[in-house]
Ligand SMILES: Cc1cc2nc3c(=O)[nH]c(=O)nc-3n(C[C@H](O)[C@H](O)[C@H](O)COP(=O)(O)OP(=O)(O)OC[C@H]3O[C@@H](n4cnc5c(N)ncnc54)[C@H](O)[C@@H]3O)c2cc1C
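Quick heads-up: it's one chain on its own, the form predicted on its own, in structure tokens.
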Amino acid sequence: MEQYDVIVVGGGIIGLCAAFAMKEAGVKRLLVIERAWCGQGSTSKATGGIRTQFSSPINVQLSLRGRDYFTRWEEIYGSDPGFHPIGYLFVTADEQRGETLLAQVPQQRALGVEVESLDNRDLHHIVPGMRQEDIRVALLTPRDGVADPGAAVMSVEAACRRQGIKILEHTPVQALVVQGTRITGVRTEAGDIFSSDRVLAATGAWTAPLLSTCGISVPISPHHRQVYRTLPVPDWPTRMPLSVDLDTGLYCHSDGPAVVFGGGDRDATAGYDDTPRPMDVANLIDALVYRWPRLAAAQIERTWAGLREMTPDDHGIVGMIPQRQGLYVAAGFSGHGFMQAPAVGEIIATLMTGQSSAYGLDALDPARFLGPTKGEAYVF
């Protein structure tokens, strides 16, 4: 039986960033176990948005720290993650929703977010082609942007391997192993047992079934999310902010001369089907063409789908499970995991090594659902 100081279950961006941070913090024997290829789960299906506009202070802080990592990614992890600070724009035509967004701006600025309120003239220059006469509030964070999830996860995986972290791919974990109330390791589907008194579950949408193998229930549910890429659109700007219409949940951004768009599926039924559903695009076309009339003639080149792991309050679950000593979780990020992964890795490293976190973690506490929680306003 192989013994490790920490076992990380899940080789997506969260698990790998946590493993790297723990190694940097002095954890010696680390094992990452991934059921497929590293990053092949939800990370590979992400669109790569990196934003700092949130209503929750902890979400703002984690994304600010994450963005800092993306600006220095090559220096830290060894290769380019394709980060482009094209900006991130939220718009709404709803008066009440607009008031809610504007009410968050002082807090965001106090935390260090460079958020700008745009008028119609600004929108015309920054997002040409957007229908804007009905927009009541438009908020832009110009230093936010997009990165390449595939490139990012491959660079962190390579950095982990260089640090001597053992990574087992194509090794599904069947169950968490416990003795009394303490975690003692994991058992794979092949029957192998790897031993450790500290295990991190960083398994995204698959976290609830994994934790159920040791009698733990967490409110993380998988939801289908679909993304579309068009063929090149004539005279379309090749650089524009990732723009979100919060009234419909639609988001859109340039990908060279093409356009990537999605959203509007937040209320999809929970389930593990992550296959593309071509018929679902009909639900978005009206919203897309209304807000961007020039895309009426655009043709879809590619569709892909994945799973978002959602929690009731749209915050991640980060910390030790109180009923199982030594069992930690970092999952449930509700679409924010890619941008927050490096900061979450830092938090896990501090918890695993007994240090104090620089963040107030109450909003991420696994036990918080025993009482009332406050949801995130910036959701789509």
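Owing to the predicted nature of the structure, the values given are computational and were not obtained by experimental measurement. For every residue, the number given is its place in the sequence shown, counted from 1.
Beyond the structure shown, there is the form predicted in complex with the named molecule, which is absent from this document and is the topic of what follows.
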>> Contact with the named molecule in the predicted complex for residue 339, defined as at least one heavy atom pair within 4.5 Å: yes or no?
In response: yes
> Taking heavy atoms and a 4.5 Å cut-off, does residue 306 contact the named molecule in the predicted complex?
Replying inline: yes
>> Under a 4.5 Å heavy atom criterion, is residue 243 part of the interface with the named molecule in the predicted complex?
In response: no
> Should residue 199 be counted as a contact of the named molecule in the predicted complex, where contact means heavy atoms within 4.5 Å?
Replying inline: no
>> Counting only non-hydrogen atoms and a 4.5 Å threshold, tell me whether 34, 206 and 227 all contact the named molecule in the predicted complex.
In response: yes
> Which one of 66, 316, 345, 41 is close to the named molecule in the predicted complex, taking close to mean a heavy atom within 4.5 Å?
Replying inline: 41
> Heavy atoms within 4.5 Å of the named molecule in the predicted complex: which stretch among 89-97, 282-290, 114-122, 219-227?
Replying inline: 219-227
> Are there residues in 44-68 with a heavy atom within 4.5 Å of the named molecule in the predicted complex, and which are they, in order?
Replying inline: 45, 46, 47, 48, 49
